[in-house]
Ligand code: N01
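The data below hold one chain only, encoded as structure tokens and taken in the form predicted on its own.
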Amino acid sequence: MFHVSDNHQPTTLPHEEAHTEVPIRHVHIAILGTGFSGLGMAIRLRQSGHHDFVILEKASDIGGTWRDNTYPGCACDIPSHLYSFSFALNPQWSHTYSPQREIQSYLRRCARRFGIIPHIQWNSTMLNATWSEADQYWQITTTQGQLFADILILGNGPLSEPSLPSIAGIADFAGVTFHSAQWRHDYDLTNKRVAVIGTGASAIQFVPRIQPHVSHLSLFLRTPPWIIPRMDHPIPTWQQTLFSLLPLAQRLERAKMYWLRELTALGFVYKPAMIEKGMLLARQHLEAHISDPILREKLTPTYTMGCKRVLLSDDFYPALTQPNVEVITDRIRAIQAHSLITEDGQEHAIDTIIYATGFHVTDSQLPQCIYGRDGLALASAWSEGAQAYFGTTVAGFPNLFLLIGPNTGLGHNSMVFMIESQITYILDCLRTMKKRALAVVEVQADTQETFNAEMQLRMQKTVWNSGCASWYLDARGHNTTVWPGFTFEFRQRTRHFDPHHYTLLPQHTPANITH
């Protein structure tokens, strides 16, 4: 029996849930989420002497996307030593690329080690947050009640709201359906006719795991991804011991990984001709595994590498050559009770549909629930496209900070590096507020507009804006997701809070202020 339970984790932390019983009425800082962003922010707050804060967590366990995504084969595509906090290196990673279970366990250990558990309010979905101009704090409503916070930090991340495709009849299917981020571990896929819709980062990991067990796998592919060899391997015990005894050795390994990946930004951002070498490697990888010319043509990308997310896999292509797998490139016209109909009129009998269709990144629901100055919804402020100064602060939304906000995403390096850069910026802002006895900070609108104009101008010549359709782009075709440059530039620019670009209000300022 195949129940895909190798990555399944219990969703409770024993003896650590009691903190939801006493509602917190007023805190200095409220943080949303316990993934890398929220947890990293909380740890650095404690290390900086802040203790009056709460983390609002919608679930009953830690981990964010690494808690929710438990599909078979789920793992990171950034090397383990790099995809971790700089202040909490883990010398015991088992593989070059960490599996989901290890990453979540790492985050759990960090929460315990740095004393974050007592600050977490479990099972607290944030329903809305409204800025009170009169009181100069955020009024936050959660499923555990209401609380007030002087400062609100959103650490929910962009990969937290699963997205389903817009297909006629999607609700009419009578079989079992689920999204890859909501894997049905209680459902046995053995001998089922399974349709997988989507060929992104999750599909190329779970398809090889389920293929040997299903009776037939129909992979519906519209745009083939660029795939390069993963070359994952176990980290030997001697190396783990070395890193434990000599942390500097691990830091050197981490630095080497960082700079190798940083070099790829040269091709993505500045010299697209450099990408050709990577495209050649990917083509050779495809040719080595796919001998059937028809299948190979279906799997050959027609856009520049990097325009969509580059994927890593050694077993995806071999899985597609198996006799029980069919790769279908025709668009799905409609979904019926027990089948899918493609544009060529073919009917594909199906028992189960797995949606590997990604997340609401540029159109998430959370901005509709956050109301800033004069009751303006963040979604309305972003009606022409999401924008934030350094992806961190938004004009019209005082004392609101975003982690992994607009234009901080990456196509080549570790997001944890970007998160820590933003955390440093926020901490310096908090120090400035304390030193100057400030109640409110709000980025100036012209500063934000100038920064956004810079982002969009720089984006025009990058590979991410080279013509393909990707989740990096919003409905208007603007790339509001990716940072158009080197990550070390972002770190340098966010090393210190720049108060001259903000409206600063001292404590006890009357509400009827003018800008």
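Only a predicted model underlies this, so the values are computations on that prediction, with no experimental measurement involved. Don't overthink the numbering: it's just position in the shown sequence, from 1.
If you look for the form predicted in complex with the ligand, you will not find it shown, but the lines that follow are about it.
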**OP:** Could you spot which one of 313, 142, 104, 199 gets a heavy atom to within 4.5 Å of the ligand in the model of the complex?
**Re:** 199
**OP:** Only one of 153, 203, 305, 395 comes within 4.5 Å of the ligand in the model of the complex by heavy atoms, so just point that one out.
**Re:** 203
Subject >> Candidate stretches 131 to 139, 76 to 84, 283 to 291, 416 to 424, one within 4.5 Å of the ligand in the model of the complex by heavy atom >> reply: 76 to 84
**OP:** Would you confirm whether the three residues 99, 317 and 412 all fall within 4.5 Å of the ligand in the model of the complex, going by non-hydrogen atoms?
**Re:** no
Original post:
With a 4.5 Å heavy atom cut-off, would you call residue 167 a contact of the ligand in the model of the complex?
Top reply: yes
**OP:** State yes or no: in the model of the complex, is some non-hydrogen atom of residue 356 no more than 4.5 angstroms from a non-hydrogen atom of the ligand?
**Re:** yes
Original post:
Would residue 483 count as touching the ligand in the model of the complex under a 4.5 Å heavy atom rule?
Top reply: no
**OP:** Answer yes if any heavy atom of residue 432 is within 4.5 Å of a heavy atom of the ligand in the model of the complex; otherwise answer no.
**Re:** no
**OP:** Within 4.5 Å of the ligand in the model of the complex, which residues of 51 to 72 have a heavy atom? Give them in sequence order, or say none.
**Re:** 66, 71
